[in-house]
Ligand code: SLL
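Below sits a lone chain in structure tokens, taken as the form predicted alone.
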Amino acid sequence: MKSGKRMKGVVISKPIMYGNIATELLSRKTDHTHRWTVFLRGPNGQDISYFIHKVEFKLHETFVNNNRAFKSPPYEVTETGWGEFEIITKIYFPPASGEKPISLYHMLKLYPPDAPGQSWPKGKPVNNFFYDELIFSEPTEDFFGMLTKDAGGPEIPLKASGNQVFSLESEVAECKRLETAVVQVTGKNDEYKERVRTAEAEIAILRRDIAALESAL
């Protein structure tokens, strides 16, 4: 029996990866400079179709049929072009989930990052990847069954290797970088506060001196 009853206090997260891969066209018959693929998938290639009903990619309006929909994997679109633009990836969940669609936004990236003194190797792809987690709070009983259907092991490996872009190790390293940045920003903030206090004290002294001079005239 199907059940749309919500499971109180239950929260489930599912990791996803989205973005694009772009490669420069070495042989061109048009003004298009790159071949690119925009995608939605599991962070390390895991199947995510068991909890997704449909995925839509909204491309630039200049593309023929600029709204591409997929009801089965792979969830990806490959095209050629020359310009960068915002892509909207809209994820729909099964009707039994009772969940509203979620939209993800990212800029299509074709060109490599600027690296002074370095040239980008010919044919080397430009990877523009984003990691995120879909959070389902108090899912329906039916959707909970779908979400836990493939719970056979960790979805993110301990260490990155080969095609595995994201790992728990890289997540820890990123947290450490953020902690270091927070300490640095906090230090600078304290430094500026001290400068403000010193300046305010000097202004107060100047005001007293000015008041004393004015009263002596």
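In case it trips you up, residue 1 is the first one in the sequence shown, and so on. Computed from a predicted structure; not experimentally measured.
FYI, the form predicted together with the ligand isn't displayed, but the following is about it.
Using a 4.5 Å cutoff between non-hydrogen atoms, H53 does not count as a contact of the ligand in the predicted complex. Contact check for F70: no non-hydrogen atom falls within 4.5 Å of the ligand in the predicted complex.
Though the partner is left out of this view, T62 does reach within 4.5 Å of the ligand in the predicted complex, counting heavy atoms only. The ligand is not shown here, but in the predicted complex it comes within 4.5 Å of a heavy atom of E84.
With the ligand omitted here, the record of contacts in the predicted complex names 62 to 70 of 39 to 47, 168 to 176, 181 to 189, 62 to 70, defined by a heavy atom within 4.5 Å.
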